[in-house]
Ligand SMILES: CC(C)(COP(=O)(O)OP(=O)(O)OC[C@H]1O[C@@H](n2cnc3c(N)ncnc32)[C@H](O)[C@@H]1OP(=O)(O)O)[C@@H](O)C(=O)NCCC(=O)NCCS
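Next up is one chain by itself, shown in structure tokens, the form predicted on its own.
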């Protein structure tokens, strides 16, 4: 587990950590669902526009833990789950693209933003991908997620394309941006 203490305004220090989990205690599952709901309500992506409800989220995250090609990373601020990301590997029958992994469904709840947790989650995801032998990490994001875009670009992700009708949010089509990073 990677941990780092980062000073947040004005004088509070948040203890941040990121870990890859294979199981979730009930309290952690509840905190993860709460953080997910908050991120969805704030327009933080994740695919949902409206929170799907507690039971749906619980089933979703329990299902993520069962998929062999997915690693669930959770980010904590002061011990409380405040974000997550998924590192997704290609299925075994896709040998041609087996050198690359995809980062999906990365978010930090709005009440935990601004303290470096998203950056730490990205660094941990890259470390995990490298440890698994991946040479490339790919991701995509809505154009409306400016903080995420700034983070990806600050971490040397290269924008290689865009999709003009990537998502539909509140009746409006939103562009999506595609990024990649060569892992050394």
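What you see is a predicted model; the values in this text were computed from it and never measured. Numbering follows the first chain given and starts at 1.
Although it is not shown, the form predicted in complex with this ligand is what the next lines describe.
- Query: Picking from 138-146, 59-67, 124-132, 24-32, which part of the chain touches this ligand in the model of the complex when contact means heavy atoms within 4.5 Å?
  - Reply: Looking at the partner contacts, the answer comes out as 138-146.
- So, in the model of the complex, is residue 91 in contact with this ligand at a 4.5 angstroms heavy atom limit? No.
- Quick one: does residue 115 come within 4.5 Å of this ligand in the model of the complex, counting heavy atoms only? Residue-level check for residue 115: yes, a contact with this ligand.
- Taking the shortest heavy atom distance, is residue 152 within 4.5 Å of this ligand in the model of the complex? Flag for residue 152 set to yes.
- Wondering, does residue 101 line up within 4.5 Å of this ligand in the model of the complex on heavy atoms? So residue 101 does not count as contacting this ligand.
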